[in-house]
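A single chain comes next, written as C-alpha cells; it is the form predicted alone.
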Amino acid sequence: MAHACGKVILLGEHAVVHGVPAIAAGIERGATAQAERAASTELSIDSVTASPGDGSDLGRALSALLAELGVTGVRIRASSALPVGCGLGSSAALAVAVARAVQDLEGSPSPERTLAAATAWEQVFHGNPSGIDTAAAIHGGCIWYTRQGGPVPLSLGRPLTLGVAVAGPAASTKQMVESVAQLGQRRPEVFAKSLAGIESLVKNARLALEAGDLPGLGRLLDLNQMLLSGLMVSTEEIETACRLARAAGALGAKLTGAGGGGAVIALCDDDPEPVLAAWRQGGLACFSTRVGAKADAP
C-alpha cells in the first residue's frame, strides 16, 4: 500500500507562483493506492473510475502519469481522506500515491520518477502548478519551497499543532491563480509590494519555526492572511473561520491554498479542541493534525 501526505501552506501561497519562497507542511491525512498487473489500465478512486482515452480529466491525468513512468496494463485502486479542491493537496497526494503504487510493481519507487509522474498529473488539473503540493506530498514534514530550487526540509524547534476547517465551497486553483495574475497586471506596483511583504513574512516564519517561536509564527500567519485578503482571494466564510479560531485561542489563522473558499488553518499552542469546538459550533467541518519537528518522507 503506497501512501502520500496531504498538505497545508503555512505561508506564501500565490506568491510562490511568482518566485517568492513558501513554507508548506505535509499533514497526517492523505491518500493511499494499490496497483496490480492487468490486461487493461484502469484507476478507481473511491466510487469514481477512469481509464486513458475516456475523455475525462482524470483519465488524461492517469495517461500522463503512466506515460512518464513508461507503464501500461495496470489496475489501480486509490482512496483519499482529503476534501477535494479545498487547498489541502488532494490531487497531488493521489498523484504521488498512484505513482508510488505503480512503481512498487517494479521495485522501490524513485523520488525523481515520482515527482516527474505526479507533476505530469498535476499539469492536467492545474495548468502551471507551482509544484509545492507535490513536494509536500512526497517529502512530508515541513519544507521551504521555491520554484527555482524546489523543496528544502526544515527542522522545527517545536512540533506544530494545527486545526484545519473547510470554510465555504471549493474554488478552482487554476482560476484563482489566474485572477491573482490579472490583478498583478492591472496594479503592478501594489502587486509587487504585496509579494515583497509576503516574502518578508515567509523569511521571518522560517526563523520562528526553527526557533520554536509559536506566538511569533501565529502573528506572521495573521499578517499573511491580511495580504492575501488584499489579493482578493479571501472570502467572508474564510474571514469568519479565522475570526472564530482566534477568538477560541488560536495563535494565528489564515486560508491555505488557492483561496476563494476551501480550507483555513489555525495554529494552536497545544490543544486544538477549543478551536475545533468553535468551528463545529459555527457549522464548519474540521479536524486537527500535527507536524513533526523534522521532515520525514512517509
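None of these values were measured; they are calculated from a predicted model. Just count from 1 along the sequence shown to find any residue number.
Here the subject shifts to the form predicted together with a small molecule, a form of this protein not shown in this document.
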I'd like to check something about Val164: if you look in the predicted bound form, is any of its heavy atoms closer than or equal to 4.5 Å to a heavy atom of the small molecule? no
Is Ile132 part of the interface with the small molecule in the predicted bound form - any heavy atom within 4.5 Å? yes
Touches the small molecule in the predicted bound form: Gly30 (any heavy atom, 4.5 Å): no
Residue-level contact is defined here as any heavy atom of the residue lying within 4.5 Å of the small molecule in the predicted bound form; does Val16 satisfy this criterion? yes
Consider the chain as shown here, without its partner, and state which of Gly252, Gly257, Pro272, Gly26 has a heavy atom within 4.5 Å of the small molecule in the predicted bound form. Gly257
Among the candidate residues Thr173, Thr114, Asn224, Ser91, which is the single one with a non-hydrogen atom no more than 4.5 Å from the small molecule in the predicted bound form? Thr173
Could you tell me which of 154 to 162, 193 to 201, 173 to 181, 104 to 112 sits within 4.5 Å of the small molecule in the predicted bound form, going by non-hydrogen atoms? 173 to 181
